[in-house]
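Okay, here we've got a single chain as structure tokens, the form predicted alone, with questions on binding and movement later.
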């Protein structure tokens, strides 16, 4: 810069400085307007566009394909062009070049002119860098497939968790544990049965993390296979958590429905219950899995004679006297020498218990 150019520069500098602009409120007000506009745009993107949901990170899920955020996509794509053993060198070297370039910029470019037209080399270099980053970002989005994690992507609400967990339980667990966790015959071991999962002993006595480990790792010594992906199974962590949520729902009161209310009302209308038509269907639906092949407490409900005479504390039914019948007491949750609440998971509805008690009080006949 010669003397004439310097004088011209100082003159224009003094003129601009004389015109001036106050930091407050002029500059601050402009910054506030721009900041507000950016904030509104971000809120709109969050509300209307949202963020695509993905399952929680799972190191055992080999189907997961990593995708960085958009502002790192160019570097992610760039690494694809380097052999694996050189990736570390490439990313460290690139970072080092950027840092050295930023720190050295005042020394590399000492010219006083700042307009892009007066700095052709710097301007062209910056345009090429921005264009390369944009190209690499687009290539990264186009060539990197969206991750499809193994298993289901399950919704976040409790209702969605229970529904999905119920489907998974029916597919993977019900064969050995029963549709509602009441227990059943082990699929690969005829004659052997599983303990009920819907009982207070299991649900209260086990934390969620404990149940998670039981499902994930299995119980090899007792014939239960591993279901977690990390151990060669078919379920990811999210699916196992959904199954646990479904299992916890067994201990929650059932919601009344119009159809359910009508069925309860129908039971209340039966003045003279029949064992075969009215009582045994309740035993078959609610008790048979534990008191059929399993024979818990020595008590069986598969036939009328077993209902009346079997059990370690037989007889559990006193014909004509429901108040002193062990079965009726246990259905009501009254503690007896034979045990407490039955069924242990979900008690019978009051109308079902009333019907069984009416049958007992009328003589507990095989009618």
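Numbering follows the first chain given and starts at 1. Since we're looking at a predicted model, the values are computed, not measured.
The protein also exists as the form predicted in complex with a small molecule; that form is not presented, and the subsequent description refers to it.
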| said: Just to be sure I understand the contacts: of 140, 166, 292, 297, which is the one whose heavy atoms reach within 4.5 angstroms of the small molecule in the model of the complex? | reply: 297
| Contacting member of 305, 31, 312, 321, with respect to the small molecule in the model of the complex [4.5 Å, heavy atom] | 312
| Taking the partner as it appears in the model of the complex, which of 270-278, 117-125, 101-109, 167-175 has residues with heavy atoms within 4.5 Å of the small molecule? | 167-175
| Does the small molecule come within 4.5 Å of any heavy atom of residue 283 in the model of the complex? | yes
| query | Is there a heavy atom of residue 217 no more than 4.5 Å from a heavy atom of the small molecule in the model of the complex? | reply | no
| said: Test of understanding: in the model of the complex, would residue 232 fall inside 4.5 Å of the small molecule by heavy atoms? | reply: no
| in the model of the complex, does residue 202 have a heavy atom within 4.5 Å of the small molecule? | yes
